[in-house]
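The chain below stands alone and is given in structure tokens; this is the form predicted alone.
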């Protein structure tokens, strides 16, 4: 394969691209970051437009894509779904179909990003289905800016950050751990980072209370990918056991598999049984080796993670947040045909 093969490609799930293709994206990320800090102009996507369709709110995603497209010489156009006549139900009378919207938008832009999360859909997997429908109909590359299943832009950022900080990640232990929060949060970031970490041969441990298992299909993919990469994968239901010897820890809340059947109030009642699932400074010091903090933000300080852990020398959260800018510039430049 060549770098040119990524031109026109969609990126919806982590498994849509191979490890070799992510390697290319990380090389370009390094180039983008070097240009950013050297102050050299790099208008690889001059006069091109990246349309961003947001069904869900955002801080880092919107800012990093907009800033990135500006630095690449093009334009990122923010579009809120509530300003459209679009219906994701795809039935007569509900509004314009996804297919019609996608085909029309593709006439105006060179790439399309979509962010469609859990509170905007009726069942788990619905957001992913809608994004794939856009990709099927739009004749430009479609980038998943976070769905209810996957978050490949965040995942690429996370593996790039770990490479940047650790040098080589193969054989390093990463713990993706459920953590208590009075927010009911989605699964995409943790599932995506578990997938891409397995792809790079890391020893991946997913830790959660029994009620909070992640998507079984995704967990099976992690297991199979780890077996082929020389890494390992396991799921445990004891936070302290999981943290033992961890190089990197990604603690975050996520909902149960019954989220759309029982509703948010019941989700919170179940979560309250596990308020002790917090990544504390004591756990970091006692159990981890050394337990660098990886967290996609926003962090629920004091619940998911103690503030001391967020702010100490083992925290990567702000470097990780910055890297969204550089990795997404690489994704856009490669998929939208920039000449590097």
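On a predicted model such as this, the values are computed, not experimentally measured, just so you know. Positions refer to the first chain, counted from 1.
Here the subject shifts to the form predicted together with a small molecule, a form of this protein not shown in this document.
**Q** Given the small molecule in the predicted bound form, answer whether the residues 58, 115 and 154 all have a heavy atom inside 4.5 Å of it.
**A** All three within 4.5 Å in the predicted bound form.
**Q** Look up in the predicted bound form whether residue 67 has a non-hydrogen atom within 4.5 angstroms of the small molecule, and give yes or no.
**A** No, residue 67 stays farther than 4.5 Å from the small molecule in the predicted bound form.
**Q** Would residue 329 count as a contact of the small molecule in the predicted bound form, using a 4.5 angstroms cut-off between non-hydrogen atoms?
**A** Although the small molecule is absent here, residue 329 would stay clear of it in the predicted bound form, with no heavy atoms inside 4.5 Å.
**Q** Can you check whether residue 296 is within 4.5 Å of the small molecule in the predicted bound form, heavy atom basis?
**A** So residue 296 counts as contacting the small molecule.
**Q** Tell me the stretch among 310 to 318, 277 to 285, 297 to 305, 34 to 42 that has any heavy atom within 4.5 angstroms of the small molecule in the predicted bound form.
**A** Among the candidates, contact is made by 297 to 305.
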